[in-house]
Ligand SMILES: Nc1ncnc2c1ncn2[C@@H]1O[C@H](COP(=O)(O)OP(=O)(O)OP(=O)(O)O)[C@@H](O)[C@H]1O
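Presented below, as structure tokens, is a lone chain in the form predicted on its own.
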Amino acid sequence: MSLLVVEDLHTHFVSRDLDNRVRTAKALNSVSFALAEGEVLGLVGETGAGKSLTAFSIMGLLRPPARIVQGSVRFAGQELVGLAPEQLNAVRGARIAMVGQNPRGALDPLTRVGEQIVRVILAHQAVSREAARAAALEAMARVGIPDPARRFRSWPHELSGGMAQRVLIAMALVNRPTLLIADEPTTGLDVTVQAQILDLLRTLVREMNMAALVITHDLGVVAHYCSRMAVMFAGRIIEMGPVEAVFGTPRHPYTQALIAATPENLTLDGASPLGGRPPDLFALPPGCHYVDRCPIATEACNALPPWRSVAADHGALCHRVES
């Protein structure tokens, strides 16, 4: 059964230039996917592909000039697009939780960490402050924070990056949500701490039987922690399938290049290691958005390709998916 269904989602940035002309950046274009109960889906792609924007659109965290102009986001059968703020607030934090980048920046520097977790509990549960404090301490212990009673009284600046991320995970999971969105949850952490945080998230997702959407640029994270993956390029999902199938037989030329890319291919001028640059979202080509960088493009690629399935659960947005 699908817990989350995103269907034909379009998110645009609408603004005006210096001549007062309306300009529209089509940042998400017909994004569709489903996430089953207990499943872990990895969302990958270059910077600017639309990964984080997909998460913000699902959570209803968009701010002008960004807005959803078309599409549906259904969570447990409930449509989230168009919900009033108070209705969305009842879902966020309680049934859908998010762990983002920059844990230090996400914590309120003027409030002790334990109090921040207590506030999350009281916002969604009708319990006493004493019960909320006990639940916060239990959540801190669950995510591996040593001496929770002492850390409960700590200020955010007193925590290491890894410890701050554990606090954010405790805040996200304290109300026992059924869906966790992890948006680059280990950015800025050293390699050892990254592994600890990712192992912790995987363990907690399994123990709490949650579904998870893991947003990352690190294919190693997807290979190790996810069961299924979706590849994004220029605001579209261009390939999706089981991790083993996509890594073993990638069908879209972009996916093939992404898997083949290595850190040593980075250049000092900011060019993508995949060759070329992402297209201008204000002037997307009418056909395949990857056409200018594709080594096997043909005349047919000037028309938007259909979604082609190569297996029941594996497909790609490409005219030459069998090539």
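In case it trips you up, residue 1 is the first one in the sequence shown, and so on. What you are looking at is a predicted structure, and each value in this text was computed from that prediction instead of being measured.
Below, we refer to the form predicted together with this ligand, which is not included among the displayed structures.
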### Query
Even though this ligand is not shown here, does it sit in the predicted bound form so that 48, 52 and 281 each have a heavy atom within 4.5 Å?
yes
### Query
Does this ligand get within 4.5 angstroms of any non-hydrogen atom of residue 310 in the predicted bound form?
no
#### Entry: 4.5 angstroms heavy atom contact with this ligand in the predicted bound form for residue 217
yes
### Task
State yes or no: in the predicted bound form, is some non-hydrogen atom of residue 27 no more than 4.5 angstroms from a non-hydrogen atom of this ligand?
yes
#### Entry: Distance check, residue 65 to this ligand in the predicted bound form, heavy atom within 4.5 Å
yes
### Query
In sequence order, which positions of 163 to 195 have a non-hydrogen atom within 4.5 Å of this ligand in the predicted bound form?
184
